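As a starting point, one isolated chain is supplied in structure tokens, in the form predicted alone.
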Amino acid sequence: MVQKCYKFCALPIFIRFLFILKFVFCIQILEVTAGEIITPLRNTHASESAVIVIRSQQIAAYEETSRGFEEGCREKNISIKAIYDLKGDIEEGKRITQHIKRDKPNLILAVGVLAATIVKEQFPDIPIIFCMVINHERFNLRGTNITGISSEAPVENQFAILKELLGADKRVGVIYDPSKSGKIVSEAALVVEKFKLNLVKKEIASENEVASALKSIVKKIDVLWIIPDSTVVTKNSLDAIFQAAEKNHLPTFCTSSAIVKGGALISISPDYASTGLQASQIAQKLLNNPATTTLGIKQPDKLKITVNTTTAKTIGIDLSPLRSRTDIVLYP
């Protein structure tokens, strides 16, 4: 569950973002000792390439991604020497990097924004793959040794599924902070007409403006698009959004299954296990071709649709257009 309210204004921007990230991925945080090393099932042989996994914290989404990566690595004879969990602790991350430097891995998989930013800074000469980083472009996760898998479903895929469920000629509302997610909204503006949808945009500069922005557009839209914007996606603002959506029978769609479990109607998001498997495929390419140190930023290979059936019933949405799909998860 989401932790109780933090006094965000007194905290640095980066730490505030970590709290938001923790909420978006919310889901059963497991209590383990910070920096615990999970031992792989077998030892590394001289003929094998050894990689290390470092996760920002132990939450369900990150674990599922790690399991997909482990499964892919076993099939490719890539040995995972150790898995480290930071539990969101920056200082613990600094300590763990010393262990990793002694291990001298051939490649590092970083899961989550804290892990990704730490290894980018500390390991400029080792190939790095990052994943599960929301709005990765905000963190400048680029370099000659860095490959990434985007954690957002492509905008075109999102609108295609939205049209499949709700039909064409819908007004899609979006509340956003241009400094956080302006690029996403600009991209949406270029593709929305392809699906015969209209985009209704409302800019804000702080979390305190979400409620008034919502009030100003709620009667002018047919569906609300909740994008991964840390100014908008907070506990208080999401509570307000879900209350207004229920009152006005307004469908909400997003890119996080956690937000769907919190009350949104539908999410289009990467399949976490598939993301891990995709990372193992990238790892194999990099390890087999030492001269290639980066493959750029990749889109996720596989998406999943999560639908809150309780919300659908409450606001009167017919889910039959999607029920035949094999990539749909019905919650609860």
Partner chain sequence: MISIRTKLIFFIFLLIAIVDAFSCLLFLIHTKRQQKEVFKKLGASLVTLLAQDNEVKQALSYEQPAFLDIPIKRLKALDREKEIGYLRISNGQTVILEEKTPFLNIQMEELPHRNLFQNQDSPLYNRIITSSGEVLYDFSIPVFEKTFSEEEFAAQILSEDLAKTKQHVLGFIQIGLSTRKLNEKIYKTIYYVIIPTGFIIIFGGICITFFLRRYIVSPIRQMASVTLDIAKGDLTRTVNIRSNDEIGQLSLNFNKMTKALGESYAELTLAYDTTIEGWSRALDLRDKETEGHTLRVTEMTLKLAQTLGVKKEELTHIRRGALLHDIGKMGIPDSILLKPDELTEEEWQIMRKHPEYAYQLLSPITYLHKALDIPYCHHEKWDGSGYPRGLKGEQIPLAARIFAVTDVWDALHSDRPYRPALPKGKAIEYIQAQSGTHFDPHVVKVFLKMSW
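Residue numbers count along the first chain shown, from 1. These numbers come from a predicted model, not from an experiment.
Keep in mind that the form predicted in complex with its partner chain is missing from the display, and what follows is about it.
- Distance criterion of 4.5 Å from any heavy atom to its partner chain in the predicted complex singles out 112 from the list 148, 173, 112, 127.
- Taking a 4.5 Å heavy atom cutoff to its partner chain in the predicted complex, the contact residue among 262, 251, 72, 93 is 262.
- By the 4.5 Å heavy atom rule, the three marked residues 160, 303 and 321 all fail to count as contacting its partner chain in the predicted complex.
- Mapping the unseen interface onto this chain, residue 222 falls outside it, with no heavy atom inside 4.5 Å of its partner chain in the predicted complex.
- Its partner chain in the predicted complex is approached by residue 134, whose closest heavy atom lies within 4.5 angstroms of it.
- Contact check for residue 246: every heavy atom lies farther than 4.5 Å from its partner chain in the predicted complex.
- Although the partner is absent here, residue 56 lies within 4.5 Å of its partner chain in the predicted complex, judged by heavy atoms.
- In summary, the region of this chain contacting its partner chain in the predicted complex, judged by heavy atoms within 4.5 Å and restricted to 188 to 196, 85 to 93, 160 to 168, 212 to 220, corresponds to 85 to 93.
- Of all the residues from 227 to 246, those having a non-hydrogen atom no more than 4.5 Å from its partner chain in the predicted complex are 228, 229, 230, 233, 234, 235, 238.
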